[in-house]
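We begin with a single chain expressed as structure tokens, specifically the form predicted alone.
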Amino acid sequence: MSETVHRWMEQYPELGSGPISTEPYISPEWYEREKEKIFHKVWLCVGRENELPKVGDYKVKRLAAADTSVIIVRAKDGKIRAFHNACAHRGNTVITETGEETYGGSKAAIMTCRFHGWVYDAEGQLKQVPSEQRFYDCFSKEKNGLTPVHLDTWQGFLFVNVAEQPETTLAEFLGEYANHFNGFPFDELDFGFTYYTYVDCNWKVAHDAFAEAYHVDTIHAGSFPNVFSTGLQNVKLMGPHRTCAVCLTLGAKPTPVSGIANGLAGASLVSQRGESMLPPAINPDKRDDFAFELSVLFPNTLLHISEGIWFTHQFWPIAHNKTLWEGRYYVKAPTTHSQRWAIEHAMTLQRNAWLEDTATMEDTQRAMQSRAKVEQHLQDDEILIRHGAVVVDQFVNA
């Protein structure tokens, strides 16, 4: 065999080349350890700053794997803070949740528990308690504010850490990953689409389905025929995070409709575009066939960027065999009706491809749970999955 065939194993021999156990994908006990050692301890990406444009705007994000829901709110001083969504009185949720994400706002930047009317400000301070005089001497409003959650930002992304004292700062946690993507104009590309669904599979099954391009020629033969064929390029492992480039098949002829849409808006991953906004670390060798950067922001976020496009996949564990998948796709807002049509066309293709991806997951989980096979054999271009398995194992057994 040539060196090229096993180039990533040769570049990262510490990851090994043996089969990967399926037990971490199906074991309830392993999942409980992941909750304790990962989701209760590391920084989790929970949204964007521009989701909360005004003072008093809030978002509540459920984090089942961290056993809590978090209120993220913009206070009168303009700062965004995070708190557990739990009232200091009887433990009810302060903001009534309507789903995995609940949005709202208050011009006065206050939040009121509907149970007994306790009122908190956006700094988390308890401001008003009905019948306060009937509580005993041991009670004080000053000691019964909302319980804070650590929050920090990077490139407009909001991160929370529910640990009482995080082991690292967000900057330390991101490390080289942050430098790799710094400078990309995420805020300028804010015209987006969001899809989500619950999938009966482990969160790593969902993650793995999106963390390689080996499946494209089979699973996406209908939606993206013969467009990605060069395998992964520029694989880079950065602590618990990882990234690579996915490239196009040059000269592939789009369908007539796709060709028109690509010319109007360039909103599809399969169209060739220039490079005016990519950070220097992205496509450093200036490949003509570069399509997009596929990265994994540990533990559960995939971030992809390309010229004029960025999108994410997030895999939120609900149970050892249940996951909330969220896909978000952003481009520059259209200025004409024809551009709007072209973007809608690109998004329909992307939605179809994501449906094709998610359609494999529950079958994978069922087959793994049969224990008919207890190992996975990964090829060289599935290096991101192998790295993910190694990192999870290191965290769980730390």
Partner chain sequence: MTNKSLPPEFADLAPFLDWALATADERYAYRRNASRAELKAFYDAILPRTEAILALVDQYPLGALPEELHPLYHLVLSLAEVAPHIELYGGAPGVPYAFDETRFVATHGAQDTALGLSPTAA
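Numbering follows the first chain given and starts at 1. Just so you know, these numbers come straight off a predicted model, no measurement behind them.
Beyond the structure shown, there is the form predicted in complex with its partner chain, which is absent from this document and is the topic of what follows.
Taken together, the three residues F193, V257 and R340 all come within 4.5 Å of its partner chain in the predicted complex, as judged by their closest heavy atom. For the options D57, E49, E362, E36, the residue carrying a heavy atom within 4.5 angstroms of its partner chain in the predicted complex is E362. Interface residue among R62, K332, K41, H345 relative to its partner chain in the predicted complex, by the heavy atom within 4.5 Å criterion: H345. Here the chain stands by itself, but in the predicted complex one stretch of 364-372, 62-70, 348-356, 25-33, 348-356, has heavy atoms within 4.5 Å of its partner chain. Contact between V227 and its partner chain in the predicted complex is not found at the 4.5 Å heavy atom cutoff. Within 4.5 Å of some heavy atom of its partner chain in the predicted complex lies at least one heavy atom of Y198. Within 4.5 Å of some heavy atom of its partner chain in the predicted complex lies at least one heavy atom of L264. In the predicted complex, its partner chain lies farther than 4.5 Å from every heavy atom of F159.
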